[in-house]
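Presented below, as structure tokens, is a lone chain in the form predicted alone.
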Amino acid sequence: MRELVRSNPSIPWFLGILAAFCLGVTFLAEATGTGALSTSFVKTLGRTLCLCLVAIAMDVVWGYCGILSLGHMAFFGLGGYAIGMWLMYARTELIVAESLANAPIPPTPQEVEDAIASQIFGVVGASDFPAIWAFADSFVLQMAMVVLVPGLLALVFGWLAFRSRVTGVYLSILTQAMTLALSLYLFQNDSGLRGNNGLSGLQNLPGLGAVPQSVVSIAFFWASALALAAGYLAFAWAVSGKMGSVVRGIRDNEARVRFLGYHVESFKLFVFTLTAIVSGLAGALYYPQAGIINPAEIAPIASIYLAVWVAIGGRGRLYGAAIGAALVSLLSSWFTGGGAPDIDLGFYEIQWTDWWLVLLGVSFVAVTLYAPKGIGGLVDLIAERRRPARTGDLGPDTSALRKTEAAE
């Protein structure tokens, strides 16, 4: 652990700031503190932490490994669908059981299952459970699906793409095509996931109907924070040491790394699959706080937003990705939620709900042109300025450029 912190000095800073932030929110929340923060805003902050986690995963695959994936929000959404299936099934089962409790003749298990299916799929004109809902009644198995479904999809897709040595913009287009195909399939009513209606009511946890949403929100907030902390440590370890050097070498010069004898495809496949699994876990925490998931959440534009967050925050820096995701997502909620006042120019009124995407696009272009290191570059600049100057005898070798080397 000491070596990990030495190679990644941002770890104690990140974890310390995250801990202080969580304690502050807990002190101000309705359920555990003064009530200065509303339950809806606590949920927004919890969702933001989940977005920070998926942004860090995106940074590892893009900023460190050089794979511009435009499909990681698909893995994020699949994790949400996996946990959402159990939430909808278990909640609907309680409702059906309560409604049939006073029936003259006790219902059979098959009648209960048929009633649950009709309740869930009646909105799309169906009354039977699709095959993909076979494990929806088991929390343990559906949590396994949160990991297995995104992981297997990433493993198969990555193996086919990397084995064929598809790189660069062509790989980005392939990941975008995968995301588009998945979202178009989920929009269909016969996909088994209620088509455009998606899965709703996910904020109502089964068996906890009497628990206030203020308590549920702070519990999910802390779960999201712990997942972000664990993900930061795991990815910091993954990009450190020999493995981290190989991954960065693949980003900078893939042909040279292959010439040195490393199996480039295995490293890329490992990073791609690992980040997909973490993205699925982040989605499983995000959507119970959002309350609903539909195929629009998996559309390619969502993955493009993710890349923009990482670019603005500073790719190649784990903390930069988290900063970018938190800043842009919170600003997006503020601008599109009516928090930002409209600007009346006399001849035209700027309504931020319409102009937010323009502002985001301009910011992305400006960062790309004038600050390619993103917001994280400012952190690096401050750290460099605070580094103590080296003076005095800088080494025994009189022929070395000691002062020049000390300044570097």
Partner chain sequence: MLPKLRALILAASALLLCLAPAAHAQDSALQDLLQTHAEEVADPGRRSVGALMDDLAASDLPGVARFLERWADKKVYLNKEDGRFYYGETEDGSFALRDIASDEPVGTAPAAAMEEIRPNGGVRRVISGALVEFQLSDPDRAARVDALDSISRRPTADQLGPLRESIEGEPDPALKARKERLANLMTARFGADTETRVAAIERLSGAVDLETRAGLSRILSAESGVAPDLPADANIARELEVGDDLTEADAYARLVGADLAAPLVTNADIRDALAANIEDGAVGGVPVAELSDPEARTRAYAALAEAGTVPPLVTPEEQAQAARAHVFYEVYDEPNPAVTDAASAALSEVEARVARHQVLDLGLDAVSLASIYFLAAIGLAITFGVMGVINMAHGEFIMMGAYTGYVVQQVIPNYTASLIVALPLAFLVAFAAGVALERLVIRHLYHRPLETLLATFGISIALQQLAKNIFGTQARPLTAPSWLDGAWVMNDVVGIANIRIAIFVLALIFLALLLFILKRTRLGLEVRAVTQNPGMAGSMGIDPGRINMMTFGLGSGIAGVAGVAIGLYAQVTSEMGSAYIVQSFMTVVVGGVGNVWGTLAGATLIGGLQKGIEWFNPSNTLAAQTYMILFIILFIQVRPKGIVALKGRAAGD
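Numbering follows the first chain given and starts at 1. Computed from a predicted model, the values in this text were never measured in an experiment.
The protein also exists as the form predicted in complex with its partner chain; that form is not presented, and the subsequent description refers to it.
Engineer: Would you check whether its partner chain, in the predicted bound form, lies within 4.5 angstroms of a non-hydrogen atom from each of L68, T368 and P372?
Structural biologist: Each of the three qualifies.
Engineer: Please determine whether G361 contacts its partner chain in the predicted bound form, using a 4.5 Å cut-off between heavy atoms.
Structural biologist: It does: once its partner chain is placed as it appears in the predicted bound form, G361 has a heavy atom within 4.5 Å of it.
Engineer: Quick one: is P212 in contact with its partner chain in the predicted bound form, heavy atoms, 4.5 Å cut-off?
Structural biologist: Although its partner chain is absent here, P212 would stay clear of it in the predicted bound form, with no heavy atoms inside 4.5 Å.
Engineer: Taking its partner chain as it sits in the predicted bound form, is Q203 in contact with it (heavy atom to heavy atom, 4.5 Å or less)?
Structural biologist: Contact check for Q203: no, nothing within 4.5 Å of its partner chain in the predicted bound form.
Engineer: How about V216 - does it come within 4.5 Å of its partner chain in the predicted bound form, if we only consider non-hydrogen atoms?
Structural biologist: Contact with its partner chain, no.
Engineer: Can you work out which of F187, W133, F335, F121 has a heavy atom no more than 4.5 Å from its partner chain in the predicted bound form?
Structural biologist: By the 4.5 Å criterion, the partner-contacting residue is F187.
Engineer: Exactly one residue in L94, V166, M143, A230 has a non-hydrogen atom within 4.5 Å of its partner chain in the predicted bound form; which is it?
Structural biologist: The option sitting close enough to the partner is V166.
Engineer: Can you say which of 324 to 332, 84 to 92, 176 to 184, 204 to 212 gets within 4.5 Å of its partner chain in the predicted bound form, counting heavy atoms only?
Structural biologist: Selected stretch: 176 to 184.
Engineer: For the stretch 103 to 124, return the residues whose heavy atoms include at least one within 4.5 Å of its partner chain in the predicted bound form, in the order they occur.
Structural biologist: If the 4.5 Å heavy-atom criterion is applied to its partner chain in the predicted bound form, 103 to 124 yields P104, I105, P106, P107, T108, P109, E111.
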